[in-house]
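What follows is a single chain, given as structure tokens, in the form predicted alone.
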Amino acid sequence: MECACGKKAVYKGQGGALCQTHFLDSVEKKVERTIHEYGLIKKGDTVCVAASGGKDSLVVLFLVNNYCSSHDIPLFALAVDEGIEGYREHTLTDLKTFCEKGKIALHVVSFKESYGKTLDEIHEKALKQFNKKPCTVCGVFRRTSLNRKAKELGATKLITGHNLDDESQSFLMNVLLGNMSHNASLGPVTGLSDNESFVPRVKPLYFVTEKETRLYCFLKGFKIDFAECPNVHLSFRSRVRDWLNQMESEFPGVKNSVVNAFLSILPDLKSKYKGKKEFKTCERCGDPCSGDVCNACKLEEQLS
């Protein structure tokens, strides 16, 4: 394959075949366009990038840091150490090296310090006594940890590395489980309504595929461990992911079509569900929640 410029192509997608230079440029322009079109980052923001050391988080950290540096917007990285032995310590090592090289301030919070136990220590009890998969527990604790620390550090935007694959999976998961109100909270800007207790979450990689982030990492020479979390095989998401990947291999462009179809109905979903959920204040930690006690506090009590 050849790029339109005549050089050897390294990537072929819906936009055609691209050489290394034009591929890197296409990803960077796609991210910048998403930031501008959806107002993800603005002057006056303090940006927190949720980073794990995985491919998506390193790509979004690199690109958003470049964007913020050129627009004089302060930025720092925030990682959560769940305590997954043989996995998380390696990605955090890669992340620390990356941040030191890029002179990016990095903060790390852990499940152990926040909830008294690591995910590995919680794993068996959660699964056997409460029928809660580790991914469910991890998701609740991670979201809470990121929001609390980002807010404490003065962030006005919380950047996540969710890409087009993640969004297509999330949309279909919610459809299959009948959770359309959850879909109303998806999109490049997460959530249905503003709440001063939540740091707004935004997704600059929204239109970038996982295949593109993987290749971007490789071509930029980022030191990265491509191993996935050992708990992922237990999740519903992994089944939807594998099915979507199979469909994409047979019908290229399916993931893009799913996300574009979702975006076409997102305004109607937001209109239907916005304001339907009233936030209370958790009587234990003070975080906003729909009931008297937030999910994080409920889980912490169950699993203590």
Partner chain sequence: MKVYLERTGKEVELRATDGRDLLKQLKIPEAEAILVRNNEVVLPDEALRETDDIHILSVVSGG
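All values derive from a computational prediction rather than experimental measurement. Numbering follows the first chain given and starts at 1.
One more form of this protein exists, namely the form predicted in complex with its partner chain; it is left out here, but the text below deals with it.
* To do: Examine K270 and determine whether its closest non-hydrogen atom to its partner chain in the predicted complex is within 4.5 angstroms.
  => Looking in the predicted complex, residue contacts with its partner chain do not include K270, since no heavy atom lies within 4.5 Å.
* To do: Using the partner position in the predicted complex, report whether E210 sits within 4.5 Å of its partner chain, counting heavy atoms only.
  => Contact with its partner chain, yes.
* Asked: Are any of the heavy atoms in M1 no more than 4.5 Å from a heavy atom of its partner chain in the predicted complex?
  -> M1 belongs to the contact set for its partner chain.
* To do: Determine whether any heavy atom of L215 comes within 4.5 Å of a heavy atom of its partner chain in the predicted complex, and answer yes or no.
  => Flag for L215 set to yes.
* Asked: Though its partner chain is not shown, can you say which of E228, E152, E89, E100 has a heavy atom within 4.5 Å of it in the predicted complex?
  -> Checking each option against its partner chain in the predicted complex, the one that comes within 4.5 Å is E228.
* Check I35, D45 and L263: does every one of them have a heavy atom within 4.5 Å of its partner chain in the predicted complex? -> No: no residue has a heavy atom within 4.5 Å of the partner.
* Counting only heavy atoms and a 4.5 Å cutoff, which of 24 to 32, 37 to 45, 65 to 73, 50 to 58 contacts its partner chain in the predicted complex? -> Correct option: 50 to 58.
* Asked: In sequence order, which positions of 5 to 37 have a non-hydrogen atom within 4.5 Å of its partner chain in the predicted complex?
  -> Residues within 4.5 Å: K8, A9, V10, Y11, K12.
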